[in-house]
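Presented as structure tokens, the chain that follows is alone, the form predicted on its own.
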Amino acid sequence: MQITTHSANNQTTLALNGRFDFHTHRDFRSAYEQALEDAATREVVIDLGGVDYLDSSALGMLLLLRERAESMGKTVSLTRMQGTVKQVLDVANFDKIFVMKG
């Protein structure tokens, strides 16, 4: 999985591309920790538009990110979910836990 980071207007977007699974946990954690450490960042947006697969470990990583962000007074939102990725997030009721944008 590739992760592209963009920061603007108190928001850091992590655009994910490829398979989001257990093998990507180190890269994902490193990217979101860097975003959370940025004092200007108030919201971390996870752009899932380029993700074609995610598994239960990816769901766990998103929950860990949310927990860590909340402990720092920051928010997390998910955006551009589509296809099976959207279906998995819907089945897991992530719309009740995260702000979903588009």
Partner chain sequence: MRPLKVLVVDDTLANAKLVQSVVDRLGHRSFLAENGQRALELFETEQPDLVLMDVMMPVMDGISATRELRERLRAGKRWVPILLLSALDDISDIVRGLEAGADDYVVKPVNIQLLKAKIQNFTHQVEMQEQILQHTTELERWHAMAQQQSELGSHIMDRLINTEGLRNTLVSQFNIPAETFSGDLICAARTPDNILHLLLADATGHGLPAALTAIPIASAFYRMTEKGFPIASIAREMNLKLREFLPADRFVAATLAAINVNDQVVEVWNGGNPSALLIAENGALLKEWRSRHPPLGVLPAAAFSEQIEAIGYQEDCNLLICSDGLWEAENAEGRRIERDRILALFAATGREQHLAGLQALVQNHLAGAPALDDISGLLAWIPIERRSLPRVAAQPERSHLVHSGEWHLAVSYWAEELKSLDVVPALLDLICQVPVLKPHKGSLFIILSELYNNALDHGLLGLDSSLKAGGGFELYMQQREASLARLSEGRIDMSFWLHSTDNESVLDIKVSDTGPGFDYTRYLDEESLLKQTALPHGRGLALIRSLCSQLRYAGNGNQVIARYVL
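Keep in mind it's a predicted model, so treat the numbers as computed, not measured. Numbering follows the first chain given and starts at 1.
We do not show the form predicted in complex with the partner chain, though everything after this point is about it.
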Note to self: Within 4.5 Å of the partner chain in the model of the complex - does that hold for a heavy atom of every one of 35, 39 and 72?
What the structure shows: no
Margin query: Since only the chain is shown here, I'm wondering whether residue 6 would be in contact with the partner chain in the model of the complex (any heavy atom pair within 4.5 Å).
Written below: no
Check: How about residue 30: is it within 4.5 Å of the partner chain in the model of the complex, going by heavy atoms?
Finding: no
Next item on the list: Using the partner position in the model of the complex, report whether residue 93 sits within 4.5 Å of the partner chain, counting heavy atoms only.
Entry: yes
Notebook entry, point to check: Could you tell me if residue 100 has a non-hydrogen atom within 4.5 Å of the partner chain in the model of the complex?
Noted result: no
Notebook entry, point to check: Of 58 to 90, which residues get within 4.5 Å of the partner chain in the model of the complex if you count heavy atoms?
Noted result: 59, 60, 61, 63, 64, 67
